[in-house]
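One chain follows as C-alpha cells, the form predicted on its own.
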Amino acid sequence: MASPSTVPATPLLKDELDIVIPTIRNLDFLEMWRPFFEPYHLIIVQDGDPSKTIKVPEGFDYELYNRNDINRILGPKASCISFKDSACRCFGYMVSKKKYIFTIDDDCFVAKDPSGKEINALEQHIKNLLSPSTPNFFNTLYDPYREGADFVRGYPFSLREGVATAVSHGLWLNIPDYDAPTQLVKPRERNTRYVDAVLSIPKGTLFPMCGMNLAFNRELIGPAMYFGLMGDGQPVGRYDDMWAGWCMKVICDHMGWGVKTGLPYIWHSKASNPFVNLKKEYNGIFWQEELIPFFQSAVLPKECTTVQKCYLELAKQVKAKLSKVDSYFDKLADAMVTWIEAWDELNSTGKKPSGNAK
C-alpha cells in the first residue's frame, strides 16, 4: 500500500471541520446522523421564509442563519447569495472559519454497505481529503493510498507522491442524481450498486458535481465554491453545484490540486418532482452545451497564483464569452466578483459573524 501512514486510522478533525446544511424544514434527519455528526459544529443556512422556525434536535452544536442574517452580515453584497434555492448553502462556506467543510442535504440519510454496516460518510470524506490525489496519471487500481491498494506496474515513480486533495465528491444509493428528462424516462430507477472505489478525476476532465454529499478543503479551494445565482428571480435552477464544480475543477487543475469521487455513499431518500425540476433546468439543459466547451477551453494565466485571482479571471472570461449565450451570465459574472469581495471581507478580519448560535 502506498504510504499507509498518510491517513490516521480514525481521523476526526473535530475542531477543524464544519458541517453545512441548507434547509427549509425541521432537521429531524439529524437523529440518524447523531453518532457521526454530534461531535462537530453545524452551520445551518435557512432557505426561504426567515420568519419560519427551524427545529434542530437537542444536543447538536450549531448556528443558524436565515435571509435576514445574510442581509445583515453582507449588506448590499447579499445579492450574490441565492434565495429560495439550496445554493444558499455557500453562505455557510463563507462564514465558516474551519479548514474543512462537509455539506449534506436534509433528505440524505445514513446508507449501509453490502455487509449491512452503517456508513460513516464523514469519516470517509476526511480520509479522502487527508490523502493525496493522482490527477496527473491514472492508476487502474483507483486510489493507491487506500488499504489493500498501491500503484500498478508502469506508474511513474516521480508522480507517486500525488498532490493535495481539494475536494471529495461522494455518491448516493437509492435515488440517483438525475436531470428532469432522465427522471421522466426512468421514474422507478434506483441505484443499488455499491462500488467500493475512490478515484482521482484526471487533470483536464470536467465532471458533474453534486452538492448533496460533498466535502472540501476550505483553506485550499473555499473561494471557488460559489454556487452561483439560482432560485427566486433567476432563469435557471439545479445548476448551482454544477457551476461550482466546473469553476472549481478548472482552478484545481491550474493550481495543481486534486479532486476525488466515489466513496462515501449516502442514502438519497426522496426524488424531487421531475416537472418542477424541468422548469428549473430547462435553460440549463440548453446552455450547458455551450458552458462545457467554455470551461474545457478556459486557460488561466500564470499570474493567477491564488484562488481569488483565478476566480476573478474566470468571472472576466464568463462576462466576455458567455454573455452572448444569455444576459444572465453577465449578471452571474458580476455576482462572482461580489462573492469574492464578500469572501475576502469576512475572512480577512478574523471576526466570525454571528447567527443564532446554540
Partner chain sequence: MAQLLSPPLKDDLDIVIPTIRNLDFLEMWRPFFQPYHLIIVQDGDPTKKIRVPEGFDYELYNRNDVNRVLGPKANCISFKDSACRCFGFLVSKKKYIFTIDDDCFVAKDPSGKEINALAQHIENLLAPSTPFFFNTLYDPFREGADFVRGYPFSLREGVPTAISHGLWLNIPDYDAPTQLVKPRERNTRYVDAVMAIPKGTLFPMCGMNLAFDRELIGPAMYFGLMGDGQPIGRYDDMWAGWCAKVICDHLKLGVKTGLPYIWHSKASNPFVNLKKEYKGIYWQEDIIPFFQNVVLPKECTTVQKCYIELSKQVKEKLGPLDPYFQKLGDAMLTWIEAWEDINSPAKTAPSQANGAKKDESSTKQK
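Just so you know, these numbers come straight off a predicted model, no measurement behind them. Positions refer to the first chain, counted from 1.
Another form, the form predicted in complex with the partner chain, is not on view; read the next lines as being about it.
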Problem set entry | the partner chain in the predicted complex: contacting segment from 216-224, 118-126, 72-80, 163-171, heavy atom within 4.5 Å | 163-171
Exercise. So in the predicted complex, does Phe157 come within 4.5 Å of the partner chain, heavy atom to heavy atom?
Worked result: yes
Exercise. Given that the partner is absent here, does Pro187 sit within 4.5 Å of the partner chain in the predicted complex, heavy atoms only?
Worked result: no
Exercise. So in the predicted complex, does Leu130 come within 4.5 Å of the partner chain, heavy atom to heavy atom?
Worked result: no
Exercise. Though only this chain appears here, would Val110 touch the partner chain in the predicted complex if you measure heavy atom gaps against 4.5 Å?
Worked result: no
Exercise. Considering the partner chain in the predicted complex, which of Ala271, Ile266, Met255, Cys210 comes within 4.5 Å of it through any heavy atom?
Worked result: Cys210
Problem set entry | Residues Leu64, Asn68 and Pro301 all lining the partner chain in the predicted complex, heavy atom within 4.5 Å | no
Exercise. Using a 4.5 Å cut-off on heavy atoms, which residues of 182-208 contact the partner chain in the predicted complex?
Worked result: Thr182, Lys186, Glu189, Arg190, Asn191, Arg193, Tyr194, Val195, Asp196, Ala197, Leu199, Ile201, Pro202, Lys203, Thr205, Leu206, Phe207, Pro208
